[in-house]
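Okay, here we've got a single chain as structure tokens, the form predicted on its own, with questions on binding and movement later.
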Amino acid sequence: MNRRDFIYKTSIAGSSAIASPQIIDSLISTGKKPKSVIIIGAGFAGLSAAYKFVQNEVSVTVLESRNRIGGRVFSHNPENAAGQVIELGAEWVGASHERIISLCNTFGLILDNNQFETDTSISGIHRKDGEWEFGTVMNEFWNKKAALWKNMTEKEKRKLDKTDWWRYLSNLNIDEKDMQIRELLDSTDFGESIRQASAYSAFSEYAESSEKNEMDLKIRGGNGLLAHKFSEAIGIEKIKLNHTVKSIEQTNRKGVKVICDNGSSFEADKIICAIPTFSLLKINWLPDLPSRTYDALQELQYARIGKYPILFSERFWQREDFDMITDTPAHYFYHGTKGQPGQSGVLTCYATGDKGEVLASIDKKRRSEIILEALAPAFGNVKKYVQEEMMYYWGQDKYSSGAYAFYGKYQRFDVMPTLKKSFMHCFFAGEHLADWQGFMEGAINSGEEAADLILRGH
């Protein structure tokens, strides 16, 4: 029995009132800053936590399974592009993302505008931005969504988690064609169909986000530069790559011991597990995780997102701020080298859910045909401009098995808080546990929050 369980059961035995998680945490808190911490995962959650510990003079070791830092932030230089960089992973910094903007200022990183104006290609008909619009009902709802959200009671907001975003919008009697476009647009945000996404998750995101839904900025030179700035500040020698955690042993008095599959072992007072649930479930926990935590880990899904960028010799789309949704398997395109010098440029094909999985499973020739066919209504045959074709399908990523967490119905007020709870000396972090869920900002926030708890003696 760990200390949390002991205090919880003792409180029940000695009183008719059940202690809240906050009370339990306060009772467990020792008030002592730990001397050493192990962090599993060198993504933005793990790196931000490690950076905070270093600033507070706590010894830290970061264990990372991959052969690189950054996790699902994955900046890439196409072979045939002269110094251009694209993102195969996390793409956008939002105008509302205060912490990552502050860190970029601290580290001297420049944020460039990465906003787009959207074309559509539906039923083979291309319409440029400004040539298409939603109907009256959809526009009226969208324009007042922030006010509607602000005026909802907590009970009303929680009720939204019991239905999906598609059904909620359908009940507003929105035009069928508008619903189709809403599905295409919003599924790029959630990574799966809005018929599966929690209406609470969707409404809260759109009501509280910037005008472009946080698709505002990008770090010049690649988002991965922030990971490297973190590592320099932490100390590169403290980050151990190619170290996959095999087991975690915890005792009440001695802290934690971590054993990796390469035979190396590490001991510390506390630990932060900042990895996707897919990898977390592969760890052998001694003692076992609480059954409720294990069930929540099994329940949470991750979005099947694939990026299929193509480097073209000319930017035939002409507009730097070009993006386009389509009703084809190619789904969505955006200018991946916006603002970068050079005649050549990258259009990233971004496909979610079943579409992303289909494009990943077929052969390269057929995938290329599908992507180029999706561009044809807008630009004709552009095959002659193709210089390089790339692909990264996050649904088959060895460590995450998805791009970011996808919260369906009945999960936001059950699964998320369950996964946030610490277990003995282990604390958890990651974008899946953040208010800015699915964003780099969320990963950073959750990493720092976990570090703060430990630094306060929890």
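Note that the coordinates shown come from a computational prediction; the quantities given were computed from them, not determined experimentally. When you see a residue number, it is the position in the sequence shown, counting from 1.
The form predicted in complex with a small molecule exists for this protein as well; it is not shown, and the discussion that follows is about that form.
The candidate spot formed by Glu183, Ile194 and Ile325 lies out of contact with the small molecule in the predicted bound form, as no residue has a heavy atom within 4.5 Å of it. Only one listed stretch (126 to 134, 302 to 310, 142 to 150, 284 to 292) carries heavy atoms within 4.5 Å of the small molecule in the predicted bound form, and that stretch is 302 to 310. A single residue from the set Gly89, Gly255, Gly222, Pro329 has any heavy atom within 4.5 angstroms of the small molecule in the predicted bound form; that residue is Gly89. When the small molecule is considered in the predicted bound form, Phe413 lies well away from it, no heavy atom lying within 4.5 Å. Mapping the unseen interface onto this chain, Gly356 falls outside it, with no heavy atom inside 4.5 Å of the small molecule in the predicted bound form. By the criterion of a heavy atom within 4.5 Å, Val245 is counted among the residues contacting the small molecule in the predicted bound form. Heavy atoms of Cys349 never reach within 4.5 Å of the small molecule in the predicted bound form, leaving it off the interface.
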